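So this first bit is one chain, no partners, the form predicted alone, shown in structure tokens.
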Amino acid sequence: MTKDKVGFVGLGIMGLPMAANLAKAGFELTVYNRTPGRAEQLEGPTIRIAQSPAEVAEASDIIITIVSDSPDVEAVVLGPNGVIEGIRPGSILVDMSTISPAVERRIDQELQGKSCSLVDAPVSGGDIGAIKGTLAIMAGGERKSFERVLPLFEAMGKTITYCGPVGNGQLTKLCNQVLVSVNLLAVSEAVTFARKNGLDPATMIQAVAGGAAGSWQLSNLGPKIVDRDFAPGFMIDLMQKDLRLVLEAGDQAGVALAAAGLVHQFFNSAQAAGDGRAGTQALAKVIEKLSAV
């Protein structure tokens, strides 16, 4: 069976290793990135660099986009020289960004006018998961479209879940971000509590990570907090964008999101201190400052 030709738009911290894993899996790729130079980091005989998202779409059966925010997705898909100008009937757009569910539904309507479809498939797992190909992928869209793009997901992720119609992937990802951000606040508080009480925080993490308190955030970001490693696997600025989407959707649905709102304010403090482009684990610096560490 001939594999679909794949387009990839957005080669950032997440997109670059995800595209590399698709190439390793044998998919023929046409790629584009708005910042020059990133695409050249991909190597292989099956990789071609395009000059616009429209050119990517012209050469592809399935087009993946993964960029920062809703306006960025709208620009690369619906804007001048965007995907919609080059997409061929029967093609599928897979948006793996984390953006507004309402924007995904609007883009899907535009694509249907071109006899195409959308799968919204945001991811979780950070740069580590993107590199290792172990991402959690939560997908919304028509079931037949999901089934067609599943082989691509299997090359990039480990936990792949069909969540229902277009927009449901994004809503599921927003649930993920509530859990991630509030858990990270707990990790930050626990590490600071340990330090203030004379414990070795690394020993504390080792002691509790295997029990009921264990989590991805604790095992992966807890040691980075201890080691003062605030390099971004996922930036605070991007988490803040996601939390704004969470709080907007919560307002619309009438959901009480007290803990998510609190961590959003703490991240505001981190941004004010100049840590917006640091990894989310820099949240711990806010708790440390409040605790006079």
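Rigid core (definition): largest C-alpha set, two forms, superposition within 1.5 Å. Please read all numbers here as calculations on a predicted model, not as lab measurements. In case it trips you up, residue 1 is the first one in the sequence shown, and so on.
A second form of this protein, the form predicted together with a further copy of the same chain, is not displayed here; the remarks below concern that form.
Trainee: Please identify the residue among Leu152, Val76, Leu174, Ile99 with any heavy atom within 4.5 Å of a further copy of the same chain in the model of the complex.
Mentor: Of Leu152, Val76, Leu174, Ile99, the residue with a heavy atom within 4.5 Å of a further copy of the same chain in the model of the complex is Leu174.
Trainee: By the heavy atom within 4.5 Å rule, which residue out of Ala260, Ile47, Val226, Ala59 makes contact with a further copy of the same chain in the model of the complex?
Mentor: Spelling it out, the residue with a heavy atom inside the cut-off is Ala260.
Trainee: Only one of these stretches, 108 to 116, 79 to 87, 144 to 152, 164 to 172, has heavy atoms within 4.5 Å of a further copy of the same chain in the model of the complex; which one is it?
Mentor: The contacting stretch is 164 to 172.
Trainee: Even though a further copy of the same chain is not shown here, does Gly214 get within 4.5 Å of it in the model of the complex, heavy atoms only?
Mentor: Yes, Gly214 lies within 4.5 Å of a further copy of the same chain in the model of the complex.
Trainee: Even though the partner isn't displayed, in the model of the complex is Ala231 close enough to a further copy of the same chain, meaning a heavy atom within 4.5 Å?
Mentor: The answer is no: Ala231 has no heavy atom within 4.5 Å of a further copy of the same chain.
Trainee: Flag Phe27 as yes or no: does it have a non-hydrogen atom within 4.5 angstroms of any non-hydrogen atom of a further copy of the same chain in the model of the complex?
Mentor: No, Phe27 sits far enough from a further copy of the same chain in the model of the complex that none of its heavy atoms falls within 4.5 Å.
Trainee: Under a 4.5 Å heavy atom criterion, is Gly37 part of the interface with a further copy of the same chain in the model of the complex?
Mentor: Outside the cut-off, so no.
Trainee: In the model of the complex, does every one of Met138, Leu218 and Val255 come within 4.5 Å of a further copy of the same chain, counting any heavy atom?
Mentor: Checked in the model of the complex: all three residues contact a further copy of the same chain.
Trainee: Are there residues in 176 to 196 with a heavy atom within 4.5 Å of a further copy of the same chain in the model of the complex, and which are they, in order?
Mentor: Asn176, Val178, Leu179, Val180, Val182, Asn183, Leu185, Ala186, Val187, Glu189, Ala190, Thr192, Phe193, Ala194, Lys196, in sequence order.
Trainee: After a core superposition, would you say Val76 shifts its C-alpha by at least 2 Å between this form and the one not shown?
Mentor: Stays below the 2 Å threshold, so no.
Trainee: Quick check on Leu283: with the core superposed, does its CA move 2 angstroms or more between this form and the one not shown?
Mentor: For Leu283, whose C-alpha is compared between this form and the one not shown after core superposition, the shift is 2 Å or more.
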